[in-house]
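The chain that follows stands alone, in the form predicted alone, written as structure tokens.
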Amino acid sequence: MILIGERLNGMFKRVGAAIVAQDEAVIVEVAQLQIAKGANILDLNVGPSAEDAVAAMRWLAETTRKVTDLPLAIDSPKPAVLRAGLEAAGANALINSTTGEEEKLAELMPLASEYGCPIIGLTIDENGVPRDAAGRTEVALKIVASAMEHGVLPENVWIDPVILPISCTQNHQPEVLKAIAECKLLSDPSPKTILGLSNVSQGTQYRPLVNRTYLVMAIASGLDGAIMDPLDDDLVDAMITAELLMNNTVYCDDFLKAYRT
């Protein structure tokens, strides 16, 4: 499974302050910690604190590029910010994210085509987040169809069926798992599936427990990747073990260590 590190996000107080102050040492430290813990991709989000989000994203991507060639997920709802991040990140980048709204698809699919990069698509349309798996899958199909119209291959589309907090939308959680499985049937080759995992535990008392339990359930449903905290060793151990039990990796007594090396 693809682990996308979530920690280079301006919503985290220390990172947000570093972005505003252009403190490279903090960004480098957070990037290297996530890489050391096994992140395959680093998500970059300048958050709400930056006065000039375009310049901030360019600086964040350039700073992160000084320490890694890993793919960078440029995370913003604003096309200008996405473009700045893609330019600074170079060839190895992806867009996080579009929705299934017509306006968003019209803006962002051409951007993915122009830069030849993968794109994450959230199953949200003009009516918001669908209540059930069928609604989410319908929006996912619309995203995949738009991608193909713009020359973006289905395998370069990452569908995020949008997990909402268990504390207020408990009936959505099983529907997201169904949608993960159903998205595999949308095309051949199929789009990949991904979750912004930490959303599921927002507002709960036992956030780490909720996160790792739902991650295992999602992997069993066919999840390909997650935006999550690679510094949470218990969470990553749960991911590794789920991959093993799904027969995606080969067993050995040191399977946790083997996965990380």
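On a predicted model such as this, the values are computed, not experimentally measured, just so you know. Note that residue numbering begins at 1 and tracks the sequence as displayed.
What comes next is about the form predicted together with a small molecule, which is not displayed.
Colleague: Can you tell me whether residue 39 touches the small molecule? I mean in the predicted complex, with a 4.5 angstroms heavy atom cut-off.
Modeller: No - in the predicted complex, heavy atoms of residue 39 and the small molecule never come within 4.5 Å of each other.
Colleague: Taking any heavy atom pair closer than or equal to 4.5 Å as contact, tell me whether residue 198 reaches the small molecule in the predicted complex.
Modeller: Although the small molecule is absent here, residue 198 would touch it in the predicted complex, with heavy atoms inside 4.5 Å.
Colleague: Looking in the predicted complex, any heavy atom of residue 207 within 4.5 Å of the small molecule?
Modeller: Result yes; residue 207 sits at the interface with the small molecule in the predicted complex.
Colleague: Taking the small molecule as it sits in the predicted complex, is residue 96 near enough to touch it, meaning that at least one heavy atom pair lies within 4.5 angstroms?
Modeller: Yes, contact at 4.5 Å.
Colleague: Which of 194, 218, 31, 56 has a heavy atom within 4.5 Å of the small molecule in the predicted complex?
Modeller: None of the other options qualify; the answer is 194.
Colleague: 72, 84, 122, 157: which sits within 4.5 Å of the small molecule in the predicted complex by any heavy atom?
Modeller: Only one option qualifies, and that one is 122.
Colleague: Please pick out the stretch from 8 to 16, 233 to 241, 247 to 255, 21 to 29 that is in contact with the small molecule in the predicted complex, where contact means heavy atoms within 4.5 Å.
Modeller: It is 8 to 16 that comes within 4.5 Å of the partner.
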